[in-house]
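This document contains two forms of one protein chain, each encoded as structure tokens and listed individually as structure 1 and structure 2.
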Structure 1
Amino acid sequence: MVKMNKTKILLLENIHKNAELIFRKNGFEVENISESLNEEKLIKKLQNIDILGIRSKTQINEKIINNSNLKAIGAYCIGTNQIDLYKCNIKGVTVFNAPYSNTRSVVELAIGNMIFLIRGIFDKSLELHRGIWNKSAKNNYEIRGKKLGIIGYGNIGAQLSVLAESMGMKVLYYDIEDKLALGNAKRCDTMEDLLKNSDIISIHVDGRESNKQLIGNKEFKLMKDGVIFLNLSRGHIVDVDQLSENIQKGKISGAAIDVYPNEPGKYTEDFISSLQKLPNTILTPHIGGSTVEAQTNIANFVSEKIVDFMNNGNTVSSVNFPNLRLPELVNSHRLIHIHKNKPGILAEINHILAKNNINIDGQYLKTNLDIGYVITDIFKKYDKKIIVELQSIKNTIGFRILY
């Protein structure tokens, strides 16, 4: 493997130490900052930075992308809604994430919360800390036999379905896409059907804008009296004020919330929410994927994908680039050409190489709606003027040589 020794990386939001170790092992320069940065500070920091590593809090908008020379962004989490993927596309910035690495951790938190809430364990613990011995079984139940409604049947929702069923729950699910049921889970035709028939409801949808306030007063009214409600997905999906009101009214007998519309950017900032100090309400600080196992897996997966992209041009698992897996580079130069997806550009590349008597050892092309990604392996001896010609092709977005 060929190393890009001058590659500079900025890691934000306290990403697991394995990420830095992997990059340094491959000869990259790394700067590590434990918190997220606002737009102004981030733009200043990104000067001369090739790769940015973030988690879910840092927002990467058009202005940030336009004022940087990034080659790649690593989202050390599941979602990428915090990143303007379209702008990354047209600026030639490859984005990688970790869609599966923390699935188990989130699912285990969901299962644990369900048991705590349906047994009233959280409130009983608080009472005992105050010296109150409340041994009553009133309103305390098993989860066995209860109907669990899962909204969003992706990686997390599907795994939650399997574990919940193994514990004796009856699983209902709803997803806007046609997802194959696992085990004995039953698909609901509408979200309304799921809301009306579930004893426990758990949200596992992504953070796209169309999901904003997916659950509000209308949806709460459809739920059973005494329902248990969980949101471990994205904060803006649930109207928390309406949730708070329904908990206080007793419509919702217990809630577990891990994500919020407004979350502190630093550990020193105060957290304020209408959900605080409510009965049988478990609030956690966005820790669904915060286990040693999950953070280790995420750090390894995303960092290795970025190293492979920088050293070999591979884009497998990129969320925005055409996915290409390439053979190892041997005795050749690898030319990477990123361009707008317009007809004839591959022909122009090959015309420039042909007129300069350069033989192609291997060539690979893949496109999506926005861009084309061309990898060309050529013999080591060539006239350097072809680089200028290739960079000057109309609709070129980015160009890179791997030595």
Structure 2
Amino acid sequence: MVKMNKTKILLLENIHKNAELIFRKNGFEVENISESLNEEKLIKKLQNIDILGIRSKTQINEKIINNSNLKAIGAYCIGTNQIDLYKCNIKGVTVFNAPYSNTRSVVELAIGNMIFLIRGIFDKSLELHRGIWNKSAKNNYEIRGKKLGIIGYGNIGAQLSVLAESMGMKVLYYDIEDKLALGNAKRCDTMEDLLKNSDIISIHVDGRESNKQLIGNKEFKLMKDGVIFLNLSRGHIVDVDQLSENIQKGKISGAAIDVYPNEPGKYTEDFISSLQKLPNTILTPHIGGSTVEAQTNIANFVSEKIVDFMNNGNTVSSVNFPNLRLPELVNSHRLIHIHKNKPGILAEINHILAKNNINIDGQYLKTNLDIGYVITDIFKKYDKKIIVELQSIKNTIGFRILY
């Protein structure tokens, strides 16, 4: 049984201070540790912890999950590869992340890069730092009126489309899914169409395995001569050596790359790439989404989802749990039952309630492949023995009551 003011939270990896503020405001106890912890230290620390907040460094494996009583994990980042989501699922640990909190930051960097590249600003600045005054309008253009081809019209691609159009660009996009065009953007039926017709190409597909080397020599060949090329999505999506060759031979007149197939894991590791020292090539160290605003948004988003989960049972936008949006809990108790996805469990819950003469105020069920999530709101009075009965239903993974 969880009492809200006793919920204990451990935040690792220097999560933005808003997270702590939100949890404290809601009566939770918070401990902050600035670094990530290894398996052994983490397991020790997790005794009596209900909720863990991490960023991308802390690895959450089966052993950690099995040796804790976590109810939820907040991934204060976009990706959740560092967490064994399946094990979380079958142990009833709900995981939340912040998939959209840095969308705007990536889009702004893409826009800025396009303008810098089409004006050759980056190289001109480097020259001026070396004392060379190269004032010229040659090969300098506005982005207004240019055709921007966006590959991957998801959260980032679609937002880029809106901003680019508002700056006078003509937007073409290609997505493998049927995505609705925003504004006057034109959908291309094939990627080939987009590659052939765009002045600037920006990649915003997700990192699924089948997108490995989506853009290689064949695709570069289809592009217009002098095209500007941006990749701020994932490193393995572009054949970097082919990109380098195409920049060197002038097929690509400018490139902005934020992500690489091999990114250094630590600050002390050197970065080595065939893209270094190429003309009109802006290289950034995977910082597309790294802004103070994005960190603040992430802290707010994930913490509020967790508070809502703890206070109301809502699992909306959880990465691994069946997503349930529940009404606010008013004047009743909420029984939260998590179980393996086997037939007949809802019937068993209701049988126990009926036999104990308990009136159901509202009931909600959602399942995924592995688990079922049942919420039952009941009127105030109940005999405590039903808790034991509900907990002992076969295939129960977790149970708690909200007051």
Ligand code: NAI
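Here the structure is a predicted model, which means the values were calculated and not measured. Just so we're on the same page, residue numbers count up from 1 along structure 1's sequence.
For the form predicted alone, the corresponding chain is the one labelled structure 1.
Look at 331, 351, 100, 187: the residue sitting at the hinge between the two structures, where one rigid part turns on the other, is 100. Fitting C-alpha atoms of each rigid part between the two structures shows the smaller part swung round by 22° relative to the larger.
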